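Single chain ahead, by itself, as structure tokens, in the form predicted on its own.
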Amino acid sequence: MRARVAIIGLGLIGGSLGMAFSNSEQVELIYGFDSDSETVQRALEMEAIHCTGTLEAVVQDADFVFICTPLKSVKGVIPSIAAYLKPGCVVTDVSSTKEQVMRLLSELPVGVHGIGGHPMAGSEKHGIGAADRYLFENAVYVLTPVVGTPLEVLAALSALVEETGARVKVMDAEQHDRVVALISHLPHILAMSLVNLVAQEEDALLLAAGGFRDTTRIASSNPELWEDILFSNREKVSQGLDAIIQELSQLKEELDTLQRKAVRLRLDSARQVRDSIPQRRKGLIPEFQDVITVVPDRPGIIGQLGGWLGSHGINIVDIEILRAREGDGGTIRLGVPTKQEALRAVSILHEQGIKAWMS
């Protein structure tokens, strides 16, 4: 039996979920609600949802309800829809922290199941215009079930989430919040702090190159959203800040006392750990080998690269424009499945007069 899904909040995450579900054989109908009427209209045009209505109306017949509003709004949405949910319905959310939401989900009516959710995917952009059908492809999607949730209910939600291309990880809410404080919330604080520090230095932003932009990209995210996230997880974020302050203090002491060996060991350790993280996590997208190309600035060149390699049976599984100069050319990174195919790709591109090498 195909499911009926309701999505409350049609921004980046809600819109992307709808677009992914619209191509799923598991989903019969997608209801959508957002407080902004223009957003709802755009979601209908993008086919992220099939129909809309009032908040109460969109959840009445839903088998699964995804609450994709900002965290501060979830507190109002859950009690507002509770009386309209049918028995057996599964209610989940996409909030970046879970302990607060789990307390609300645990108070749903008997027969309605609450399971917290957090897709580990996103963008510094926001709104329905940034929605992407493939946003969750191969991303980890954490589920935090309420104690006592039937296994078959958790399995049903997991199967639906996996239709987006995500990989489900079931975790305890407290453990989830502790981990995301370190891998998500602290990096955002560090990016924010670095940008604010550099802004005080005259001409610094003018000199900022790719490394600075890459490191601080997430500082462009929605400030209101991040204010809610940081305060909702403030105890664990505070603990993480204590740890990073201690780490930086140790590094400062090593620099002040000319401990070059200690600093080198610290740098080398970080490099080894960072290099051990796969470019793409194992799952639907395989590991790949990079090929770097230098191409002229002419219409259709990217399509030509794909055509040349495709005609020899080589699939491009990842692509990125690294640098470009208008009227001249640019550097493009191509990801191909294996080292053997990368070697062949380099040879094929050389035959076409394109500079290329394996990364």
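Under this definition, the rigid core comprises the largest set of C-alpha atoms superposing within 1.5 Å between the forms. Position 1 is the first residue in the sequence shown; the rest follow in order. Remember, predicted model here, so these are calculated numbers, not experimental data.
The following text describes the form predicted in complex with a further copy of the same chain, which does not appear among the structures shown.
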Is residue 152 one of the residues lying within 4.5 Å of a further copy of the same chain in the predicted bound form, judged by heavy atom distances? no
Looking at the partner-bound form in the predicted bound form, is residue 27 within 4.5 Å of a further copy of the same chain by any heavy atom? no
Just checking whether residue 158 would be counted as a contact of a further copy of the same chain in the predicted bound form - the rule being heavy atoms within 4.5 angstroms. no
Residue 234: touches a further copy of the same chain in the predicted bound form, heavy atom cutoff 4.5 angstroms: yes
Contact residue in the predicted bound form, chosen from 106, 80, 175, 73 - any heavy atom within 4.5 Å of a further copy of the same chain: 175
From the candidate stretches 215 to 223, 106 to 114, 86 to 94, 144 to 152, select the single one in contact with a further copy of the same chain in the predicted bound form, where contact means a heavy atom within 4.5 Å. 215 to 223
Note that a further copy of the same chain is not shown here; using its position in the predicted bound form, name the residues of 310 to 324 with a heavy atom within 4.5 Å of it, in sequence order. 315, 316, 317, 318, 319, 320, 321, 322, 323, 324
Please check if residue 12 moves between the shown form and the other one, taking a CA shift of 2 Å or more relative to the superposed core as movement. no
Core-superposed C-alpha of residue 310 shifting 2 Å or more between the shown form and the other one: yes
Fitting the rigid core first, would the Cα of residue 334 be found 2 Å or more away between the shown form and the other one? yes
